[in-house]
Structure formats: C-alpha cells, structure tokens
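Just one chain follows, in the form predicted on its own, and it is written as structure tokens.
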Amino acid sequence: MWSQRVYQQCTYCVMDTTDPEIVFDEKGQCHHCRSYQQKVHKLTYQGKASDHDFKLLTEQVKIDGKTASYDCVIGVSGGVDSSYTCYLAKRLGLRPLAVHMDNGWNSREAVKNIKTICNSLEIDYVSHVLNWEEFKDLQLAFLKASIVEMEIPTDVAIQYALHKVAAENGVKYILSGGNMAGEAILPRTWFYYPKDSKLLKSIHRKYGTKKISTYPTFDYLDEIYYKFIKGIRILYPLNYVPYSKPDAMKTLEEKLGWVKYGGVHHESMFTRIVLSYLQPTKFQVDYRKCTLSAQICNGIISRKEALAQLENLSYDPDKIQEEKAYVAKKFGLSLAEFEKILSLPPKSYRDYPNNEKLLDFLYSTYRRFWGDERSYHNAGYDSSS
C-alpha cells in the first residue's frame, strides 16, 4: 500500500505522496486541504455563532450534571490539548473529573504536568492503570504485526477508561482535547479505526503470547451502548473557541506552571518514539505534515514556515539510540531484538482480518443521521471522506 508514485507535494499545504491515496487537482492542490476549505473549516471556530453554540452547550452540561458530583469527565495526558481543555472547563464554571489512563509509558514531564494542572485548577483526578504484562504483550504483538497503527491498544484503553469512569459517576459528557484546528487533516492510510476489535484480536491471536484477561476492550458495540443506552456524549470544546496550540501552551505555562515537553503526543515515551522515529522512517508517515497542513489551512502558520520545520528531522539523532534502548529494556528485550522487530517489512491493517466495511457503514450512517458536526473525531473521521 506504500506509495510508489512520483513524489509530489501540495502547492497549498505540505501533504504529499507519502499518503498513497492523495489526489491533486490541476493547480497541484491536494484533496485534503480542498476538503478543509469546502467543509472542515465550518467545524472550527466561527466567531459569534460558535460563542452562542458553546454557551448553550456549556449550560446544558451544567444542567444535566447538577445532581452529580461532577458534570463532565476529561481525559488527561499531560499534553497541551487535554491540559487546555481542563483550563477552559474550569474557566466556564464546569465541574470536571480528570481521568488518566496509565499504560506504563508516562514521561516524567507528563506526570508532573497532570499533577500541576489538577492541583492548580482544583480538579479531582483518577487513574486507570493497565496490567503491564498483558499490555506489554499486546503492544509487542502490534509491533510485530508491523502496521502503522501501533497505538491502537492505547487508544482502545483510553476510550474504555473514560466511558467507564463517566458511567460510574453518572456523568453524561466526556470533554475531549481533539480539535480541528490542528487535527483536521488525517489520511485514512495513516490512521485506521482504533475501535476495530476484530483487528485487535486477530493481531493478538497471531503474535501475542499471553491470554488477555484484564485488558479492556472498546469497540463499536461498546460505543453504541454508552452512547445510546447510557446517554454519554463526547464533546470537543476546542472546536468552539479560537484554539491555537502555541497560544495555549503560552497560557498554560504562564498561568498554571505547565511544562513544555517536546513534540505532539510526546508525553508518552512509547508514543514519542513511534511518532517521531518509527512511523516516519519505516512507513513514511510523518504526522507533522498533518498538523502543519491543518494549521496552514486554519491560518495559524504559513506554508513557508511549515516547510522550514519539516527540513528538520522529526527525531533527535543524538538521542534516538538512547530512547530505543530505554523502550527495548522496558519491553524486556535486548536492543538487537528490538531492532529486529522494528526492521520487519511494513504491512497494512488490511493484511489482517478486520471490520473495515462494517465500520465504514456504521460511522457514515451515524454521521448522516446523528452526527454532531463537530464530533468527527468520535465517528472515525478522516480527511479523505
């Protein structure tokens, strides 16, 4: 599935033929940024209309949660988006409960940021800790499967923890830090549905060595249960405000003592090496192109500035061997064993049994009849659609 096309880069954003399904028009502009301009920009901040909608939504969250100890749940990672969502929620007078899914890979900065944010904003906090031996085996299975979506085990566990805690506390709203300002562009070939339990089980069956007994599952059936039976909704507050990640970082640093830790999602040691090194070098998937392209479309950064950033490596060549050695040791592998797994030929999720057709149908149907237009992240959004 990896691109064998002659290299071409969009003349408006910085997406290129490393997305093998990218389509260019006669002016050399790609379908991702055309889609943004035609549809997605309406899902970002729209001035007074967004202010009005957000005010109504916030009041509804307060009303629906007035008899519970909390009126919303926020997943926190120590990163910018979730930390700023906490800041915004408190500023609006909401009573959030912070939830962190601990998969064993938290960086020191992430742990410190979570504590700092929750203490400064006086937000109660709970942590859902995974069984490390089971989770480690599942992560290694995905590494051996050699697909780009190596973070599916983490993504599934996060959704489980958030919905479980919300249901246990009688909370109807989960506030997510997902946002269109920086995440509106995402090719399907770079990000498959994390809620495909058929794919997860097939990979575990082929490469796992331990029985799964405590690892939580969260697939479309769980999502239907929580959404339609328990009435729990996921909201994306950052789509209702003029959100800029650089501005948010400055606010968090100055007002709350939050500490900058590096690139996007680098609050996890495993995610850091996956996003910054493994995906770009093995799969030609550099997520910086998605983030920067979305920021170009949203007027946050110029294409020239984005191209300048992409001239730098996505990882630090002076530290990468040290980081790989750390990850290998935590997995209980020698560096040579870890390198051997990393060097396996790249594959696609389509090389394993999966529910892609079913999920395509379910999510497209949901978006057509029930989808909150600002909830694409929750409904298997990809910018190719």
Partner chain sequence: MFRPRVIPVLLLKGQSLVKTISFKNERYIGDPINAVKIFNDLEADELVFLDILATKERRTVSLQFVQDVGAEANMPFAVGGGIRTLEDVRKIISAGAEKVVINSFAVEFPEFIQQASRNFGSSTITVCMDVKNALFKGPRIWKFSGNRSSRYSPIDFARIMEDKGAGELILQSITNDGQMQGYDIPLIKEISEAVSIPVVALGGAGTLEHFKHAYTEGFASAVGAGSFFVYQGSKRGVLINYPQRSEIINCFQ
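All values derive from a computational prediction rather than experimental measurement. Residue numbers count along the first chain shown, from 1.
There is also a form predicted in complex with its partner chain; it is not shown, and the following applies to it.
Under a 4.5 angstroms non-hydrogen atom cutoff, its partner chain in the predicted bound form has W105 among its neighbouring residues. The closest non-hydrogen atom of K329 lies within 4.5 Å of its partner chain in the predicted bound form.
Mapping the unseen interface onto this chain, Y225 falls outside it, with no heavy atom inside 4.5 Å of its partner chain in the predicted bound form. Proximity of Y352 to its partner chain in the predicted bound form falls outside the 4.5 Å heavy atom cutoff. Contact with its partner chain, judged by heavy atoms within 4.5 Å in the predicted bound form, is confined among 242 to 250, 288 to 296, 96 to 104, 189 to 197 to 96 to 104. When its partner chain is considered in the predicted bound form, only one residue from Q279, S146, N131, T154 comes within 4.5 Å through any heavy atom, namely N131. Of the candidates L256, L140, I301, C118, C118 is the one whose heavy atoms come within 4.5 Å of its partner chain in the predicted bound form; the others do not. Annotation: in the predicted bound form, residues V111, Y125 and M269 each come within 4.5 Å of its partner chain through at least one heavy atom.
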